[in-house]
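Form predicted alone, single chain, as structure tokens, below.
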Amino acid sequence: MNAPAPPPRRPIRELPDALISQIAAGEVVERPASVVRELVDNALDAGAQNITLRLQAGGVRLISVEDDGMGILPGELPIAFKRHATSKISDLNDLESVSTMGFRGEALAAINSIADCAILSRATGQSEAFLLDGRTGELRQVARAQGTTVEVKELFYSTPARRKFLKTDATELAHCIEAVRRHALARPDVAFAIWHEGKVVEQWRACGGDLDRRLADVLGADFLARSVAVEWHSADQRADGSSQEGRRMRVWGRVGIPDAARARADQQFCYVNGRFVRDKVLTHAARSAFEDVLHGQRQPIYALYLEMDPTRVDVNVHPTKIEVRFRDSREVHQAVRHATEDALAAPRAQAAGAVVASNPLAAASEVPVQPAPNWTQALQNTPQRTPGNLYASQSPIAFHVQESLPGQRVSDLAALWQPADSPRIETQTATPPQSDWPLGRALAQLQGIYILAENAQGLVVVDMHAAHERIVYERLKNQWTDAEGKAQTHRIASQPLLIPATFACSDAEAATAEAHVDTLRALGLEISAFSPRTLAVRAVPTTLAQGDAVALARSVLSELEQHDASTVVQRAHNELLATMACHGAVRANRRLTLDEMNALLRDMERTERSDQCNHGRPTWRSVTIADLDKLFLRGR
């Protein structure tokens, strides 16, 4: 076989400026929406209060962004289309603490190299406006109010191969609208309007910084109705006298309740210092806050805003400026997770089921209700067994706790059923009057599964097993953590394998196993090196002894490689406690008295995250009087 001929010698030479700009355009401009994002960034940096986007053919034939910002001085217009020309930064210190949306100075030059561009601007204090032609560089006087208009015509005309990769006009228009929508969610003080082919397709009026109103306008009133507010400050930002400059952090916005989760992650918006970003740290932090309240693979919805010192985040990562890097990603992860968890913790029954004294239902016959009974005695009663019993009647929780919680006496389990033993879960110890019961007064038990209760709005249906499962789970977590909210140093019971399970590992897996020996042991795993390229699993958690040891080891090592070890340990502990709570909760076909039902309802009102069970299923639903009237055609 003949050897291939050597390639011809190619001399090293400088590329022409036009080709350099076209290469840069390949990184910056992917589709018309990329141009829209860059031009709207510049308009916001110019202090615009009104931004209008005009499109033709989905942005392929025309993209025009008009603003009423400070404008560009006539002497600066000729260099606006030059590469690396910008007013945002001047030295390395400015680059390391960027506070503007744009800063690279590449966008206009890149766009001008693949389209026919023009800038029309009138600066503040100037009596005349000027038009700069991007093709010829001609500058001429025109008429315009204060502000700037950038027109981009025939996108990718000079690179027709790129134009073939564009989708239909409707698809490109949708992407352009989404680009403006992301800006609108971050700037409620700015008005946005989008025109396509001479018709208004979207318009969001300025609302004076009212974020809730802008969220309702952009994402719909349903998003606002099915979400809760988030407001979290780092300890350094609180007025406690211990503030440290540069360490301040604030997280705010809204997160959707678990019932509002969607099949797709199309309503997840994260902002860092006003910039929309896609970051794995933020996404994982938000998703982890929904771990035990979200059912299956559903995706949460949220609009979260993170404000921090610009020097602690690097936005100069990618030409599109949609990716960032944090100096302390663990700190950011914990902040977003805690902020989201705190927002989701409050039982929604407190707001959704508040009783109005003037409501006729509140004045219904008052049936004396005894104080909440002792759940230990309730569980000790012999349950009624039926042929159709869906669950086992015996509760094996004592066995699980004795096996998996070293130092926890079985006799201490009675504390799990006492309504007033957990200060973190219960906010009040006195039994409130019936008129203040959000979940109402128990009426009856249906098929041994559901509790029917009456409140001011109508009928409340409670899945008693799911509700009690959440109550037990939260109390177990409270016992697991110390006074400062940190997990205690319990170790999950492990079982040695008679024959170690070996598997070929990557370099990353081997390094992770070596670096996290103590963490793995706390999880009940013992993984050691069998050879330079092989790991051996020598012990697994007792509760998972019959599972796939290799698959478990790979999964845990992957988690430890990507995320903080304490997060992995906490998740494993919570999964174990969730299993224990599921076995320990009151079962179906357990006949309860009205006093016991009311006690469960009161515990639900005082327990965090009691609207969902540990598996993300809802624990209660309400049917209003209006809904019942519709069923029976009342008032027609």
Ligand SMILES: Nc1ncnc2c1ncn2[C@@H]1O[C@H](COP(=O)(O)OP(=O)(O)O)[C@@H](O)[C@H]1O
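Just count from 1 along the sequence shown to find any residue number. The structure displayed is predicted, hence computed values, not measured ones.
The form predicted together with the named molecule is left out here; the points below concern that form.
Partner-contacting position among 458, 220, 105, 274 - heavy atom within 4.5 Å of the named molecule in the model of the complex: By the 4.5 Å criterion, the partner-contacting residue is 105.
521, 88, 338, 153 - the one with a heavy atom within 4.5 Å of the named molecule in the model of the complex: By the 4.5 Å criterion, the partner-contacting residue is 88.
Contact label in the model of the complex: residue 603 to the named molecule, heavy atom within 4.5 Å: Residue 603: no contact with the named molecule in the model of the complex.
4.5 Å heavy atom contact, residue 607 to the named molecule in the model of the complex: Residue 607: no contact with the named molecule in the model of the complex.
Heavy atom of residue 67 within 4.5 Å of the named molecule in the model of the complex: Although the named molecule is absent here, residue 67 would touch it in the model of the complex, with heavy atoms inside 4.5 Å.
Contact test in the model of the complex: residue 132 vs the named molecule, heavy atoms, 4.5 Å: Output for residue 132 is no: heavy atoms all beyond 4.5 Å of the named molecule.
Proximity to the named molecule in the model of the complex (heavy atom, within 4.5 Å), stretch among 53-61, 607-615, 591-599, 35-43: Among the candidates, contact is made by 35-43.
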